[in-house]
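Quick heads-up: it's one chain on its own, the form predicted alone, in C-alpha cells.
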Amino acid sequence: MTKFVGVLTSGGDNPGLNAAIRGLGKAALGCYGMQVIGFRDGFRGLMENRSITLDGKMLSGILTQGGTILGTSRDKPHKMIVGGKEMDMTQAIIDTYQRNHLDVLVCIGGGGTQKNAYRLMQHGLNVITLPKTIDNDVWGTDVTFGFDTALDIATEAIDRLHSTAQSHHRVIVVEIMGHRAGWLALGAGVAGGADVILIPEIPYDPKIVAESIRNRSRSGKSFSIVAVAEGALSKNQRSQMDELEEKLRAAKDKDEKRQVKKVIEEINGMRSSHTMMLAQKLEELTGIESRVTILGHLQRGGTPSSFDRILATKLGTACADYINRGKYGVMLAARGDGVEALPLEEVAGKLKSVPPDHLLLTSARRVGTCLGD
C-alpha cells in the first residue's frame, strides 16, 4: 500500500534544508514508491492545508540552493496568531493530516520544532523529525545541518575583519548568532583567531575583557577582535536574569507570573543592543576606538557547504527508510558516521549547550583567548 508522507520546514531558515527535502523526497519516491506532500510555511501552512506535491521535477536542482523551497515560519500549533488572537490550532492540523491521508509527518527544524512535533505526536500523529539549525543546539545529535555553512561564513567574516581592525588600530566586536548556545561563536572565534570569545554559557566581566585587550596593546598588538554570541550576558546581566527566573518559579498567581515574564521578555528584547553596549564599555575602559559588526541573517543565507549537503542528504534518505519500516516518534540524529533514531520525548525541550570542560574551550584558553571570566 502506498504511503503518504507530509513534510514541512519550521523555525529559522538555513542552508541544507533543500538538501534534506530532496534526500527524503527522492528516496521516498524512487526507492519506496511513496507519495510526498510538502506544506508551505511550517506549521501555519499545515494548519491552512497549503500543500504542494513534491515530485521529481520539484526536487530537481535544489541540492545547492540555500533556504527552503517550502518556506518556513516560527508558528506553534498550540499558540498560533489567527485573526489577531492567539489560538490553539492543533485540531485544525490534525484535520489536515487526516484530510491528506498522511501516514507520517516529517518536521525539519531546530529545538522549537522538536517540541512542537512532540506535542502533535501526543495527539496521535505519526511524526519523524530532522535536526537543523545554525546554532547546533539540538540535543542528542553530534551536529545539525546548517551549522557547518554558518561556521564557514562567520569564520570568513572574522578573517576579513582582521585586516580593517589592524589598519585602523581598533577593537572590532563581531556579533555572531546564538541566543542560548555558543557553538557558532566559539567555533568561528577559534577558527578565525579571535582574541576574545564571549558565549551564553560563560557570563563575562567587561573589566576582564578590557584588561585582556589592554595587555595586547601593551605587548605591541595594535588591534583586537572580540567574537560575541548574541545571547552572551555579563555577570551582572546573568545575575539579574537568574533572579527573575527564580521569581517566575516562585510566583503563585497568574498576574505575578505575567509581570515577571514581561520583564524577562523586555530584557531579551534588548539583547540586540547588548553588543553595542559592550563595545561602548570596552572603548571607555581601554581608550581604544571600538566598532561593531553584526553578521545577523548573513549567516543563514547562501549555498550550503559540501558537509551540510552530505549530512542533510544522509538524514533525509534515512528518514525515508524509517518511514518504510513504520518507525515513528523519533528524531534522526547524526552519530559518528551513522544515523541514530532517538525517541522524540527524550529530545523535546532539551538544549545542547557548550559544556564547561569542552575541548574547544580548553584549546581556546591554551592559545591565550580571553573568555571573559
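When you see a residue number, it is the position in the sequence shown, counting from 1. Treat the numbers as computed from the prediction; the structure is a model and nothing was measured.
Not on display, but discussed next: the form predicted together with ligand F6P.
Stretch-level contact analysis of 138-146, 211-219, 170-178, 154-162 against ligand F6P in the model of the complex, using heavy atoms and a 4.5 Å limit, identifies 170-178. This chain is displayed alone, yet in the model of the complex one of T133, S224, T129, N116 has a heavy atom within 4.5 Å of ligand F6P; that residue is T133. Interface residue among H101, K254, K262, H297 relative to ligand F6P in the model of the complex, by the heavy atom within 4.5 Å criterion: H297.
In the model of the complex, ligand F6P sits beyond 4.5 Å of every heavy atom of E201.
In the model of the complex, ligand F6P lies farther than 4.5 Å from every heavy atom of D195. Ligand F6P in the model of the complex comes within 4.5 Å of a heavy atom belonging to E230. In the model of the complex, ligand F6P sits beyond 4.5 Å of every heavy atom of R291. Of all the residues from 57-85, the single one having a non-hydrogen atom no more than 4.5 Å from ligand F6P in the model of the complex is R74.
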